[in-house]
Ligand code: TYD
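The data below hold one chain only, encoded as structure tokens and taken in the form predicted alone.
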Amino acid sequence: MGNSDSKLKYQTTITEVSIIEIPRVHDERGILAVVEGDSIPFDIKRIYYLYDIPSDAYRGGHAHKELYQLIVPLSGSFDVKINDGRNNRVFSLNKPHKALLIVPGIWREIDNFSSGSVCLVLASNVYDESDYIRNFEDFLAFKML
């Protein structure tokens, strides 16, 4: 990818973060939700989840240079605060069939966890510390604002 392509990628905005409806099948036995194929815009390379989270805990507090993530509230509820360097938005997640797609170049913070909440994250790549931006001032510099 050329330098100009990379520069454009980092100019992502909160308008590119969206709720994705996960396809469901419902019958008398309950609901089956399925994430596969083209139901999300990336191949899944890593799956992790957060649970037993104290209600006053704070997670996230970083951005990614290349990574796409789909955040799914499997149980309970929590808030995802996003920032593109200029604008902020808060998504309150509480339905397991409505997931939040976060694109690269977006700062995120997760808090306000309800009792028993479980946060599932599907990621486009394996863990790579060099992909993280963990300081907000560094994030702003990365965004070249």
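As the structure is a computational prediction, the values presented were derived from the model and not from experiment. Counting begins at 1, following the sequence as shown.
We do not show the form predicted together with the ligand, though everything after this point is about it.
task: Identify, from the list His97, Lys45, Lys65, Arg59, the residue with a heavy atom within 4.5 Å of the ligand in the predicted bound form.
output: By the 4.5 Å heavy-atom cutoff, the listed residue in contact is Arg59.
field: Per-stretch contact check against the ligand in the predicted bound form, the hit in 48 to 56, 33 to 41, 82 to 90, 99 to 107 (non-hydrogen atom, 4.5 angstroms)
entry: Careful reading of the contacts points to 48 to 56.
query: Does Tyr132 reach the ligand in the predicted bound form if we count a contact as any heavy atom within 4.5 Å?
result: Yes, Tyr132 sits close enough to the ligand in the predicted bound form that at least one of its heavy atoms falls within 4.5 Å.
message: Taking the ligand as it sits in the predicted bound form, is Tyr127 in contact with it (heavy atom to heavy atom, 4.5 Å or less)?
response: The answer is yes: Tyr127 has a heavy atom within 4.5 Å of the ligand.
- prompt: Which residues, if any, of 13 to 31 lie within 4.5 Å of the ligand in the predicted bound form when only heavy atoms count?
  reply: Counting only heavy atoms within 4.5 Å of the ligand in the predicted bound form, no residue of 13 to 31 makes contact.
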